[in-house]
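The chain below stands alone and is given in structure tokens; this is the form predicted alone.
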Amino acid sequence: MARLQRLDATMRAAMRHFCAVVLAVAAQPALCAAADAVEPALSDADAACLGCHSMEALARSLPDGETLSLHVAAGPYARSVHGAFGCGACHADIDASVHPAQGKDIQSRRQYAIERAEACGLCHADAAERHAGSVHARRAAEGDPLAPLCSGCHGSHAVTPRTAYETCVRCHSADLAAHAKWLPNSRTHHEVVSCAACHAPEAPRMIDLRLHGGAAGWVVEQEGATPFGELARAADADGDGLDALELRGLLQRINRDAPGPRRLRGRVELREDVLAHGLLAREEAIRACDSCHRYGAEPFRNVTVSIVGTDGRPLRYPAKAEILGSALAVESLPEFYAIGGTRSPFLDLLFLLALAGGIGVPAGHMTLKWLFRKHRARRAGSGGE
């Protein structure tokens, strides 16, 4: 009974706060910020929602004894990829005329997370379809309470673009050490190979050469600067993808105005980010070294050059696969080398010439020495007669 009274008091206070914010929105939209500062990018309707949900203490007690936090941080939500769509895009089942007096029937946090994951699929149908065949979905269907759902990997209200590596290690940090038991140079592999590149074995892969600023990390496109895509198109004279010379010209143009040196770091990634939702169990992951470490391996047939966009998403431009093995690209790609995968025909030719020279010179010397001795012997024999 005491719990119900506390819940009722909380909901009544939230309702009064909600009504006050709605009135403020109607009277003066510029003043509709909650205590923790709603960002101007939010609509009036979202500001009204956050008038209550920005309260950190706002929570709901559930029948199973758990507590479900109803707090939504306004700033992170406004900056998220969903901020532009508004609360109603995901919460269309909420009737503002009776909310929060008539709440949803929520039995547990897990049950609520499953329901919200179904809402994600309304917009992200392709990702939901891929996820349905993944090891995560299989374990969730088996009732594993730790099996991640959409919000488990992406969050809920503060969804921002992040790499698969950043997402995976939050739950699988222990696996980083486990890889070292069988994977040579595992630390480098984790840096240059996306988790999904091995754990989604049927997905097509590529090499993404991304601009890196050394200690500054990945280079992010700056507001007001010449767009990366425009620079890449200008460098790509024939419009069929950057070749080695064009890539060098692009880097020279970028570094001319950069505060520090920009270099390219290569990563093995999936050609389509959505395919990362179809992760399989470790037993089904790629373990064969020659899937990458051989000449003509599948990932090395597709190459892009990229920069991190202002919203966190990579901005990619196609490049010719030949640049990975071109002697002209050595200056442009000083930090990307994969044994076998980046094999250079030019260096192969130099090796063969060096090998031929190393064998040919001594062999030629010995042959000439033998011929000279034979000639001297023949002359000596003729003189004796």
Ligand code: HEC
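Please read these numbers as outputs of a predicted model, since none were measured by experiment. Numbering starts at 1 and runs along the sequence shown.
The form predicted in complex with the named molecule is left out here; the points below concern that form.
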Consider the chain as shown here, without its partner, and state which of R253, R301, R313, R233 has a heavy atom within 4.5 Å of the named molecule in the predicted complex.
-> R313
Tell me, which of R210, H190, R248, R262 has a heavy atom within 4.5 angstroms of the named molecule in the predicted complex?
-> H190
Answer range among 214-222, 91-99, 302-310, 240-248 for contact with the named molecule, defined in the predicted complex as heavy atoms within 4.5 Å = 91-99
Distance check, K320 to the named molecule in the predicted complex, heavy atom within 4.5 Å | no
Is there a non-hydrogen atom of P201 within 4.5 angstroms of a non-hydrogen atom of the named molecule in the predicted complex?
-> no
Close approach of S108 to the named molecule in the predicted complex, 4.5 Å, heavy atom = no
Touches the named molecule in the predicted complex: P76 (any heavy atom, 4.5 Å) | no
Within 4.5 Å of the named molecule in the predicted complex, all of A258, G325 and L328 (non-hydrogen atom) = no
Residues within stretch 108-129 having a non-hydrogen atom within 4.5 Å of the named molecule in the predicted complex = Y112, A113, R116, A117, A119, C120, C123, H124, A127, A128
